[in-house]
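The form predicted on its own is given below as one chain in structure tokens.
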């Protein structure tokens, strides 16, 4: 779509350097641009604004996701500089500020999958809940009790608002805390633990195990460097074997998405 919109504006070499991926979050588009095309950022931004329906703001990602709160720096290159929007997914609405919280629309399929796996009456702990997306989508589909933890005060504030917006106050409990600390307070209460923080999940696996009842399931997200998807899955099996401290069985591992060249995001469903 983007290359088509710019084919009469950029030359062939510039078109080849154009990233085609665009994250659409509500009325906001978030893009990356190679260094060679930064002088054309306004042209590219306006092309998106004019060719993607319902978009009123285009932001350029100018840094990697970083820090404890996993925030990325964004620069408005077209439209209105207002980073607050409402994102809709699976019949739910989510209010967020794309500059102050981490959020990816690319996990939509995975959020639906986990909602389908949850059982009625499950107690679930979402260790890295952000604005509450996984938690709320599950709670709208199943009658579960979900403890929704995040360390970012802004994400926590939006999670509280999103719980209200989606009328799941009786099912989702937002908690502002470091997951390490929250685990000690909650104890072994969970039938299911969600770990959607692939960069650091292995550092919290012992906490996830402590959260489980005698038996339960951990949905373990990770990033794997590998030559291809099959190698990534095999490497994930070995990674889990190295970090698990209780008897376990893996019911499945899947590639969620390609993150970069030879870098994959995977999720493993671990029965403990």
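Positions refer to the first chain, counted from 1. Everything quoted here is computed from the prediction, not taken from an experiment.
As for the form predicted together with a small molecule, it is not shown, yet the points below apply to it.
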{"query": "All of 107, 152 and 196 with a heavy atom within 4.5 Å of the small molecule in the model of the complex", "finding": "yes"}
{"query": "Heavy atom within 4.5 Å of the small molecule in the model of the complex - the one residue of 98, 118, 127, 172 that qualifies", "finding": "127"}
{"query": "Proximity of residue 179 to the small molecule in the model of the complex, heavy atoms at 4.5 Å", "finding": "yes"}
{"query": "The small molecule contact at residue 70 in the model of the complex, heavy atom, 4.5 Å", "finding": "yes"}
{"query": "The small molecule contact at residue 133 in the model of the complex, heavy atom, 4.5 Å", "finding": "yes"}
{"query": "Contact label in the model of the complex: residue 192 to the small molecule, heavy atom within 4.5 Å", "finding": "no"}
{"query": "Residue stretch of 22-30, 43-51, 233-241, 62-70 approaching the small molecule in the model of the complex, non-hydrogen atom distance within 4.5 Å", "finding": "62-70"}
